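Below, in structure tokens: the form predicted alone, a single chain.
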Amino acid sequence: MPDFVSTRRDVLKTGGALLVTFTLAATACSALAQSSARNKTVASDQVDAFLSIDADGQVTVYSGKVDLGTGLRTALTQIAAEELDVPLDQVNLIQGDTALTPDQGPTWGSLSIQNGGMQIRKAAATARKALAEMAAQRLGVSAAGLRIEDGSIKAGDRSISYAELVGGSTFSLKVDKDAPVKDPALYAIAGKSVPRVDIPPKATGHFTYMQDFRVPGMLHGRVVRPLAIGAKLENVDGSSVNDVPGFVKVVREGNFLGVVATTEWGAIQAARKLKATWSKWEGLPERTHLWEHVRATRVNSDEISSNVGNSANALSDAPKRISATYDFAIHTHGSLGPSCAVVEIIEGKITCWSASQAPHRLRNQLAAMMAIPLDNVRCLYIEGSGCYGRNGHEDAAGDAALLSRAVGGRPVRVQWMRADEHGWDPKGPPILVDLRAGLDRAGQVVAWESESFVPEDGLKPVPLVAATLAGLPSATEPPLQYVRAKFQNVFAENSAIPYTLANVKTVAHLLAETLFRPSWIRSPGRLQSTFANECFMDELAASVEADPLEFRLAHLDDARGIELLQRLTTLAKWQNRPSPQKGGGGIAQGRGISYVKYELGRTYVGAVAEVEVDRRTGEISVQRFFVVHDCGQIINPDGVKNQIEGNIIQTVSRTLKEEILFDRSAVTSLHWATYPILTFPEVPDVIIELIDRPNERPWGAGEPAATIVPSAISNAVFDALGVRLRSVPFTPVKVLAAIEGH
């Protein structure tokens, strides 16, 4: 059985957290008591929540943030190894186990290093300081004269190891926010391109993904979905599946309908054969009128993200005024491996294994749905198919929990099918942005206004579909001020612009509802806002026949942003000229630029896209992407490049191809033929230059590079054809319509 299937006691023994407590005083420490494995703290103000050292000197790091295939495990290991001065292979990481790891929030927002990693760094720095004080006492020297190397503390020719000092003991220390961290000039591990620790087992087939995970005595479940999103279950003929080999039970709870069998194939057959009658429901708008529907949706409140000067007066007085509207389609996560989870219930206690990127939040939702105390739920993360916000992993866990309860708590594995994933995972909502600007006679922007239409509930915990269908509670709603603060983080900071203008007003209209369960997909809100802002910036440059890059520099007052764009000029061999370029032919070529200061407070990204457009078919081919990236201090340069490449490739797919199709009742794009994604021959070359700033704080690299992709492509198409694409995805039909209407 894999390590992560072991009992908590086994995990703690191997991880070094079945420990003897000691207390540090000013000049002394002593072993006081043996702690139970069950008492392992997860309090985020305690060093012991984040790390332990066992009797062999092995360091175990506990992370509430989880590796979604992004290389986070390697980077967090580097951070701890560097701060503690131990070899990389001496550090083990346990992630996303709600019984063992602190709640550091969901793994989202490119905050895993910026926040989660820095919490681990501070915990390690606190531990390092304490260990040095202990060693100084034991060796009878001043702590200032000690050297720390490879998990040992040395004074002259004498040394004492971490294992000798605390092996098998807890620190019982609060994390000291003022503990000195290591000087980056002395780094030997952090800042280096270390091979990812997860790649060898993945490459050799030894890695256990969530979809491969098994427990003894496990049954298999499938959910029978309503034919329409809001349909009611009217009748079920349980006898229709009695002849299915291995059939165990039909489970009905409200509108939740599922089957359990001894084999996965048995569960699939039973779900297909089960006869059920559903009511009709047609509560969705006509897809062809989507944007009229969005604009007509009731606005609950407005968030004003920037309000500088008097934009209304400046706009009305401007000699030249320009306006445009941009829209961004509904997207699904479309994880290549459909969501999966296993749940078992023993003596009223739930254990859930899933690939959820928010295991602590999932724990809350399962406790609420199953009406049991939070302490009786344990969620363990096992890496599965990737997601960037919230796909169906949590929902599969909810399905499995209801099915397990119905069969006496036996472990039940639920593996979603493709139609479940595309039809029922939460969706990135449709977003609409109106922009207006005024320019003076010198070609400078004197006024800028934007209005975006976005769902208000997009950052609340997404209700479990099983709970909704069964009529059960899903989770306690967060306080309203929490939701609004998060909305300001998502929309305000990127609906506002990174340029210095005298008169700016940007507003997000928070809508009362959206069409499907809203969830955020990579760079939520920031992607859509940057698409609109950077396309519009290009439109303004073209209106005064200015070079798009020089036009941005003329309105930019940020030294790091200016340096980044200047480096981009060199990397992409940018030629100073206005867009569009002159020329014709069947295949038109163009280049477009885009720039972002993510959330106006962190990671800078600039990019140039080079595209080819077939005038006859409307097909866009993205040939190359040049990216300059500044995320402050870099932990693993190769890992950052992996993230940037993934951002570019995934968002090229979203920009050119992806769009949810639906009728009045449900999603109809239930397979890859109707929801196409980028194929390998269509992947562009990605050329990257990283700006490493070792003495600055590290910022996120998981999301920012995605934001500039749609606008860079749109601007490149304009450079090639002289037509604007303002509606994602840029399908051939839209390109041909733009050419015809030009």
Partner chain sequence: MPTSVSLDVNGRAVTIEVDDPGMPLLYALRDNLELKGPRFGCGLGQCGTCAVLLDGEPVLSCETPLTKAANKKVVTLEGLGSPEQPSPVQQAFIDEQAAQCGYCLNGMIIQATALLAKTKNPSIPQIKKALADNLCRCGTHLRIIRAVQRAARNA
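On a predicted model such as this, the values are computed, not experimentally measured, just so you know. Positions refer to the first chain, counted from 1.
The same protein also exists as the form predicted in complex with its partner chain; that form is not shown, yet it is the one meant from here on.
Although the partner is absent here, residue 603 lies well away from its partner chain in the predicted complex, with no heavy atom inside 4.5 Å.
Not displayed here, its partner chain is approached by residue 658 to within 4.5 Å at the level of heavy atoms in the predicted complex. Put simply, residue 543 is far from its partner chain in the predicted complex: not one heavy atom of it is within 4.5 Å. The closest non-hydrogen atom of residue 449 lies beyond 4.5 Å of its partner chain in the predicted complex. Here the chain stands alone, but in the predicted complex its contact with its partner chain, taken as any heavy atom within 4.5 Å, falls in 381-389 among 381-389, 608-616, 495-503, 526-534. For the options 309, 238, 348, 195, the one in contact with its partner chain in the predicted complex, meaning a heavy atom within 4.5 Å, is 195.
Of the candidates 206, 573, 298, 582, 206 is the one whose heavy atoms come within 4.5 Å of its partner chain in the predicted complex; the others do not. Shown without its partner, the chain has no residue in segment 533-566 with a non-hydrogen atom within 4.5 angstroms of its partner chain in the predicted complex.
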